[in-house]
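Take a look at this one chain, the form predicted on its own, written out in structure tokens.
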Amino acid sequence: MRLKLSALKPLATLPALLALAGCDTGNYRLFHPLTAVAKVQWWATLFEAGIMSLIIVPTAILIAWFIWRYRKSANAKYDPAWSHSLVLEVLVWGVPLVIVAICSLISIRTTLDVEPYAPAVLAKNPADTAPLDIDVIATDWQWLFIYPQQHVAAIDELVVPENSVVHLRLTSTAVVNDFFIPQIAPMIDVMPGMRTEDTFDTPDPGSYTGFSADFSGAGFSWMQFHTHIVTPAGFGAWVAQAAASPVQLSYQEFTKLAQPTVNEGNKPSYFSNAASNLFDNVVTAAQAGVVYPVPDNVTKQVASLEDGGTAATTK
């Protein structure tokens, strides 16, 4: 009989769910996936946590039982001729092999389902419209989102239409960051001089918080961005608003934005006429060794913010 992995899901996730039963999950964004990609990752996490609980919990109980059963004062039976037990061999080697095999199958399936460049889970139910392409550039310490098809850009604000597929190209100006929107988009590295890609679907309209999940210096705590899922009409209106910005995003303008900046409050900024080759130019510049050092005065102003003071946005 062929074993269906889906039939094992309730059994494997039960220990993890029981362990979390007393927790208030309202403030844990990771516990509330809203998209197909995010849900696959969440269930895979629960499954593997449950599988590991099936190993750890019985092992801990057996260790405690052995300590009690074979303590010196218990006068337990001693057999100096004992050398082998087939039952123990099967348990010690067989059970881990079976569990590793199951976890491997789950990991392979999950990896293919959420593979950033082409998630299989999205191919099962293809969207009616073409993916929305967005270029993402991480600086110290802001996020720049460029919409090549719409020729607009925004800082610290990602706006996408509901029930669509979004395809990202990501890079960084200086250090490695991690792009992450817990309820919507899986975590992925963003590296200087390199291009990574990410693909995710969008839920119904709502607002969420994205952030960097990799420490990137003094302003890391403020490196967050607003994520708005809007209706198609709302997206069109937002694009028109950004296109009306008097500030055009050329590479020269970008070099100003790329200077180490603490955007206190994550206030969005908009740009019109975004250069079509800007993303590629940033990648090429990083490969050539172009960097944006953090001045000492910026570090001091960040320290003031961390102490509860106020500091002017630094550029």
Partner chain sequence: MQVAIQGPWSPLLGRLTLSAIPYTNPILVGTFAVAALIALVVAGAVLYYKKLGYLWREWLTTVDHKKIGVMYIIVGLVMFFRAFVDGLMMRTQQAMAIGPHSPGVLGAQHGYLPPFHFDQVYSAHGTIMILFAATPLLTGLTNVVVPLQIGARDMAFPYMNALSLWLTTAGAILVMLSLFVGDFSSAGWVGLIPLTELPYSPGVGVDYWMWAIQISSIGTTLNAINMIVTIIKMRAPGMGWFRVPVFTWTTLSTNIIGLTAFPILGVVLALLGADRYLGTHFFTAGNGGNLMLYTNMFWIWGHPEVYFLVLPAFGIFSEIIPTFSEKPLFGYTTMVAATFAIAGISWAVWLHHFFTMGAGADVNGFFSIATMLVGIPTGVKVFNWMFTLYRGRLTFTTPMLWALAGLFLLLVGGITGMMLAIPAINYTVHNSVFVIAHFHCMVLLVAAAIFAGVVYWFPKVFGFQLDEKNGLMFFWSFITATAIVFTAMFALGFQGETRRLDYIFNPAWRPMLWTEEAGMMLYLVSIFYFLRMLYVSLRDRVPVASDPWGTARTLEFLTHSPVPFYNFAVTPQVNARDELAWRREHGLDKAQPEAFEPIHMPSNTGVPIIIGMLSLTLGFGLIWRIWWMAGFSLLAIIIAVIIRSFDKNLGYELKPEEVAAMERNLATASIIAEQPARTPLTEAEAH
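Each form is matched to the other, and the largest set of C-alpha atoms that superpose within 1.5 Å is called the rigid core. Positions refer to the first chain, counted from 1. Since the model is a prediction, treat every value here as computed from it, not as a measurement.
Omitted here: the form predicted together with the partner chain. The next part is about that form.
Heavy atoms of no residue among Asn163, Phe254 and Ala274 are located within 4.5 Å of the partner chain in the predicted complex.
Checking Ile155, Met191, Leu168, Val121 against the partner chain in the predicted complex, a heavy atom within 4.5 Å turns up for just one residue: Met191.
Interface residue among Ala130, Val92, Ala233, Ala240 relative to the partner chain in the predicted complex, by the heavy atom within 4.5 Å criterion: Val92.
This chain is displayed without the partner chain, yet in the predicted complex the stretch 179 to 187 from 241 to 249, 145 to 153, 179 to 187, 199 to 207 comes within 4.5 Å of it by heavy atoms. Residue contact with the partner chain in the predicted complex: Ala218 places a heavy atom within 4.5 Å of it. Taking the partner from elsewhere, Glu264 is found to have a heavy atom lying within 4.5 Å of the partner chain in the predicted complex. With a 4.5 Å cutoff on heavy atoms, Asp214 counts as touching the partner chain in the predicted complex. Looking at Ala286, you'd find a heavy atom of it within 4.5 angstroms of the partner chain in the predicted complex.
Taking the partner chain as positioned in the predicted complex, the residues of 162 to 178 that bring a heavy atom within 4.5 Å of it are, in sequence order, Thr173, Ala174, Val175, Val176, Asp178. Comparing the forms between the shown form and the other one, the C-alpha position of Ala36 differs by less than 2 angstroms, with the core used for superposition. In this overlay on the rigid core, Val290 has a C-alpha that sits less than 2 Å away from its partner position between the shown form and the other one.
In a rigid-core overlay of the protein, Pro268 has its C-alpha displaced by under 2 Å between the shown form and the other one.
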